[in-house]
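To begin, one chain is listed below as structure tokens, in the form predicted on its own.
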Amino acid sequence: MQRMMLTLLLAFAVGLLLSRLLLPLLQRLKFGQNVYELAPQTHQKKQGTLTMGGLIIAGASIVAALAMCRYGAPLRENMLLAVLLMALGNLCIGFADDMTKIRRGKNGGLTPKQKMAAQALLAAAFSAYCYFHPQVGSSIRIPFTDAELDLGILYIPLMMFVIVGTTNSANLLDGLDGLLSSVSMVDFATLAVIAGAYGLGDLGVCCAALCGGCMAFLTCNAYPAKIFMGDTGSMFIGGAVVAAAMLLRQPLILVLIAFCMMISSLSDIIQISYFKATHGKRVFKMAPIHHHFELCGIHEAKIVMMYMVTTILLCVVALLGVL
């Protein structure tokens, strides 16, 4: 536990340093956010705000995690490295998407087919890695019970669905200043506690590093944000959250700890499906649902607080169910 705490502090310190170095660089490169033209009116003033701040989270997390890793297990079985590689793979997809938006000068990056193809390939590789990992395999734990469920070879396609769904849900949640970074900070802290309780020290260190990275980024991403994480950051976070849960053999707890991510996707699916079925009618004023709350007159800082408190409560429930 002490090593995890030290890792969190190291990641936070490195993140603060990186933010000092990266913000002026991104300013010189003119890496500004292109706000979606149909976004709430209050978001139009955010046009040009620096983006790709996810590099701060990634850099801080990677430096701290690698510095505190004990490297006792064979590299191919090292869970810390596995999470970082999975997260980095997703970061590359998000980085390509962000760069495409910047070069085109509008809110439209990679095509859905391009993103889905890359995500599916990465998801298949990580699912297969977990399937053949001696400490993971095809069995998953059932929260609130001592039971396990062996999925057999179906583990790979089912986990591919979970991976793609979670990473895209994280991407959708990144719509308000400080929203995804604050929620993810709580998620990673919870995953670190679970990993420590299971005796998976290096995995716990990795989650603590990710928590510290999110904390550092939040200092410049909280309302009013000086920088956005972009798809670079949201994809990195989504990949790391689902990777850690899978290595813990607890993908089902994502329903609790990643609830706020999932309702973003669910509200989007409901909105689109209802819109098509009714030829133009809407369930929400805007989707994802955090924009609906915003259009109802709730300040975005208050919405972020609502989401963070909800995540804390659900993470406590998750801890009760798995420890």
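Since the model is a prediction, treat every value here as computed from it, not as a measurement. Don't overthink the numbering: it's just position in the shown sequence, from 1.
This next part talks about the form predicted in complex with another copy of the chain, which is not shown.
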Query raised in the report: Exactly one stretch in 147-155, 212-220, 81-89, 199-207 has heavy atoms within 4.5 Å of another copy of the chain in the predicted bound form; which is it?
Result: 212-220
Query raised in the report: Among A195, A243, L176, M185, which has at least one heavy atom within 4.5 Å of another copy of the chain in the predicted bound form?
Result: M185
Report task. Would you please decide whether L17 lies within 4.5 angstroms of another copy of the chain in the predicted bound form, comparing each non-hydrogen atom pair? Result -> no
Report task. Indicate whether another copy of the chain has at least one heavy atom within 4.5 Å of a heavy atom of L21 in the predicted bound form. Result -> no
Query raised in the report: Taking heavy atoms only, is K226 within 4.5 angstroms of another copy of the chain in the predicted bound form?
Result: yes
Query raised in the report: Does another copy of the chain get within 4.5 angstroms of any non-hydrogen atom of L25 in the predicted bound form?
Result: no
Report task. Please state whether all three residues T111, R249 and M262 have a non-hydrogen atom within 4.5 angstroms of another copy of the chain in the predicted bound form. Result -> no
Report summary line: Across 1-24, the residues having a non-hydrogen atom within 4.5 Å of another copy of the chain in the predicted bound form turn out to be Q2, M5, L6, L8, L9, F12
